[in-house]
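A single chain comes next, written as structure tokens; it is the form predicted alone.
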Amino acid sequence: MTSILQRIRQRLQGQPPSEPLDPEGASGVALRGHRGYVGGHWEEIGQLQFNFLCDQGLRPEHILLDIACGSLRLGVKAIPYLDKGHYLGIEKERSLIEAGLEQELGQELRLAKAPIILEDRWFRFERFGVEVDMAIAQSLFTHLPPKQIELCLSQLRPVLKASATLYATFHEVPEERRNPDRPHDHGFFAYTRDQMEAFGEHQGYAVSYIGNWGHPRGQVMVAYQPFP
């Protein structure tokens, strides 16, 4: 069976995957499990994200938005740390949310910290009704075509505080490549640094390239800050 790393190498080289993609949604979660569906490396990437955000200045009193929060790989680290009601998550797959809340977070912590998690595929961040201090989209843009990336950025900007930053990861390639036309949770989308910067600039952000941050699959990081 072709490994995930082999698939990534094939796609970076412009080769078609040798196996069909697994299904999305509840059937895909049932097939892969709620940890595997979001890419595995559960403890490693969850801790990596949390450490990174703390290094960027995340404090308990901040409101954190976890975009495409999945089954709470980051949430189980961030929710206990943040003040009550200060973790916001948005995710399109209901089965992932349910698994995260019931199997990973647990009722006691859920009641104590009251995380706010919405099922939404259209990035309607205004539904939270609050402004955000910090946001992260880890391994989201790696599954989206340009229109969906720009939709996410445009919908996010009005709910960011002036001092807020969105941290987003992507698969970086040296030259523009042809990506799939439609998003897919298990699809592979890669962009140049210039493309990622342009997405943000078109939507009113100052963009800073961070690059390597220790991701086990080589995803790099970029930061978006709203223009005044």
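From 1 onward, residues are counted along the sequence shown. Since the model is a prediction, treat every value here as computed from it, not as a measurement.
FYI, the form predicted together with a small molecule isn't displayed, but the following is about it.
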(message) At 4.5 Å between heavy atoms, is T165 in contact with the small molecule in the predicted complex?
(response) no
(request) Flag C69 as yes or no: does it have a non-hydrogen atom within 4.5 angstroms of any non-hydrogen atom of the small molecule in the predicted complex? (result) yes
(request) State yes or no: in the predicted complex, is some non-hydrogen atom of S95 no more than 4.5 angstroms from a non-hydrogen atom of the small molecule? (result) no
(request) State yes or no: in the predicted complex, is some non-hydrogen atom of L53 no more than 4.5 angstroms from a non-hydrogen atom of the small molecule? (result) no
(request) Counting non-hydrogen atoms within 4.5 angstroms of the small molecule in the predicted complex, say which of R127, R121, K84, R110 makes the cut. (result) R121
(request) Just give me the single entry in I117, L140, V76, M134 that has a non-hydrogen atom within 4.5 angstroms of the small molecule in the predicted complex. (result) L140
(request) Check, residue by residue, if Q47, L101 and L105 all come within 4.5 Å of the small molecule in the predicted complex, counting heavy atoms only. (result) no
(request) Choose from 32 to 40, 57 to 65, 194 to 202, 156 to 164 the stretch whose residues reach within 4.5 Å of the small molecule in the predicted complex, heavy atoms counted. (result) 32 to 40
